[in-house]
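Below sits a lone chain in structure tokens, taken as the form predicted on its own.
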Amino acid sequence: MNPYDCIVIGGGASGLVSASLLAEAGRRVLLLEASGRLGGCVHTWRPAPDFWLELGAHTAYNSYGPLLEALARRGRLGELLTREKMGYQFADEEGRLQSPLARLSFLEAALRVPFGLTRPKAGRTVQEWFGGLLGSGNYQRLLGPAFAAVLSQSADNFPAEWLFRPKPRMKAAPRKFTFPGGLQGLLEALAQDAPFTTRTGVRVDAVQREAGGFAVTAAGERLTARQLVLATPVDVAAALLAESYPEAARRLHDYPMSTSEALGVVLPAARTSLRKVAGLIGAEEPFWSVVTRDPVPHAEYRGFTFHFRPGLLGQEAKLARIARLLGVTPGDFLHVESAVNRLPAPGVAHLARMAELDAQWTGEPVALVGNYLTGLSIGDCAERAAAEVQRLLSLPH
């Protein structure tokens, strides 16, 4: 008899929502996370006891229904922190800020919008659809850099239908929110006193399909379960599926990935004169974006995470560039932390490939969840997890 009904591999938003839903349905669940922390692409840096800064995903919305519902079932919804309403600005090398509207040609937009609104998004890239909506000039000056700032990579070839999908909102939650200890704290809350077992720092080396379920080899231990949820990066999922599901592994193997280099700095709040903003867009800069801690203000510190384009600058050059934009010196930084973020970079063709992959799972006791399947946001991950859990629960127990 399997000691677990389901093993969930990966402790990000996808894995934690999956484990929570399965456990709440009465299943015996083990969650394994290779790193020493929960969160996945949500990576909160905590340089001081009462100050944190996001190095990965940084904003959550009340349209993230499955995530908020999971938090509500844990009785933690009342702990959400409202983010103050602040906008994004474009930044140049000297720290001068420019409103996004200043980069918009209203004449070009007026000429394009009546024709662009009727074009379906399906089968078109972000550049094709939004460039057709507001004009290619407006896309190059405004929309392209703004989307790249949100995604920390070029969005030009992304599927247009992945962006701005309408979703119901939970009115009990703030429109934009975070959590005590940052967004990673929200995900950690799903695992605190949870009805499932969590083990961090445990790397899964192999997965084998066998009679009655799966055998999972992790840290030299053989674990078994009837069902399996892979909540890992796409390349890790491909490697783990290679033996038992070679066709699925083949479809995942060449999924394109991107990298951004995050560098967070904390300095005394009074040291920089840069006005408070939610973030900065680096259209002609070596960074995709700057995300600030300003929407959750702190009396003593200000924090900034720069998401640099990969391979352009070394650490010292990055710190010098940050200092110049903030109008300070590198010696003013009280804390510095870096991280490398790996994200999917899907093209339009990958939607069809993922649909074919989903068709392959009909009746199979394995689920793929994560940010490479239906969207990159935390909310997209939670939605996919909820849908796949319902599929697993519908299979014979």
Ligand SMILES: Cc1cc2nc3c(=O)[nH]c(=O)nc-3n(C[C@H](O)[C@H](O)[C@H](O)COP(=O)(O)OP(=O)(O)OC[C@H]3O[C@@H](n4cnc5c(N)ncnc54)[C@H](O)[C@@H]3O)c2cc1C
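Every value quoted in this text rests on a predicted model; they were computed, and no experiment measured them. Start at 1 with the first residue shown and count on from there.
Below, we turn to the form predicted together with the ligand, even though it does not appear here.
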item: Segment assignment from 360-368, 324-332, 27-35, 345-353: heavy atom within 4.5 Å of the ligand in the predicted complex; value: 27-35
item: Interface membership of G264, the ligand in the predicted complex, 4.5 Å heavy atom rule; value: no
item: Partner contact for S63 in the predicted complex: the ligand, 4.5 angstroms, heavy atom; value: no
item: L186 within 4.5 Å of the ligand in the predicted complex, heavy atoms; value: no
item: In the predicted complex, L21 touching the ligand (heavy atom, 4.5 Å); value: no
item: Every residue of I7, A242 and Q390 near the ligand in the predicted complex, heavy atom within 4.5 Å; value: no
item: Residue among N138, T178, T232, T198 with a heavy atom within 4.5 Å of the ligand in the predicted complex; value: T232
item: Contact residue in the predicted complex, chosen from L252, V204, I281, L143 - any heavy atom within 4.5 Å of the ligand; value: V204
item: The ligand in the predicted complex - contacting residues of 13-45, heavy atom within 4.5 Å; value: A13, S14, G15, L32, E33, A34, S35, G39, G40, C41, V42
